[in-house]
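Below, in structure tokens: the form predicted on its own, a single chain.
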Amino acid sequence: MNSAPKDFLDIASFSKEDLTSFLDNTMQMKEIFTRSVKKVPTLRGRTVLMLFYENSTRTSTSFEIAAKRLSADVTNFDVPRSSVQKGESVKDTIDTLEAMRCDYVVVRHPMPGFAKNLAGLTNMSVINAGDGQHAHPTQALLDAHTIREVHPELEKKKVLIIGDVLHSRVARSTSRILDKLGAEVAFLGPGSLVPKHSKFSRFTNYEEAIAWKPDVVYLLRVQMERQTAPFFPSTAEYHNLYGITRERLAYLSDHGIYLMHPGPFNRGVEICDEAVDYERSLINKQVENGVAARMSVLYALKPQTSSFIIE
């Protein structure tokens, strides 16, 4: 990147070269994890504001750890107990917080486009931690890094994304970053949950999808909370048709296929218990890489007046 971007809102905003730079920095950040003291002074004196209007475990925790490993201060904005509940507007909330001289705001909101709108209202660097069904760009970054660790050359590698694509911001962002980096992407799921108009291959039959010979199978959680109508008869039928059963897991193992999932799981729906401990599961690696990827984003957005110190 020729200059530091102000915000990190979606994958579409960045070129292949930009994304590769983020990924290369993610690899450098992971080197810090091997040290006895897993902390560097890079963002000392900076403040990261966590603004989550939706619940989160992995994303919010990994952002907080990422910020602290870079020596930033972290403030968690408690939305349920804030003046938001009294009718305070988003702009008034941000104006108040900006007056406290925060440097970054990490935001999750149920409304698509919220992070972009917020970025236009503040001088703080805005990082999109998920906006409705629209985008989850830091998840895409950690997913791409995780795949690069087992397949350093992503060009032409095949990634099969299975599940509730329709409601998934992860599917949108991860498919886009993989496409930009030269990988091939295909979707599998019930016809009602896989968009018909997409540049990517679309399967509704598991056997046909596996015949495509993917290198990685990426499972999505069925997002019941975002579904306003039944999209399939039952979770048991979904598991039989599209889930990773014991038999399908044996096939993945025999063919050296890696398995991913952004979490949290629906055990017995998209994934069987045995798959969580599968020898080629990258699920725990995704969690670990989430911290490094978010460190990379925080570093890339920081004002370039101070040097990057990792000693």
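The structure presented is a predicted model; accordingly, all values stated were derived computationally and were not measured. Position 1 is the first residue in the sequence shown; the rest follow in order.
The form predicted together with a small molecule exists for this protein as well; it is not shown, and the discussion that follows is about that form.
Heavy atoms within 4.5 Å of the small molecule in the predicted complex belong, among the stretches 242-250, 49-57, 23-31, 268-276, to residues of 49-57. Interface residue among Ser175, Ser125, Gln139, Ser168 relative to the small molecule in the predicted complex, by the heavy atom within 4.5 Å criterion: Gln139. The shortest heavy atom separation between Arg108 and the small molecule in the predicted complex is within 4.5 Å.
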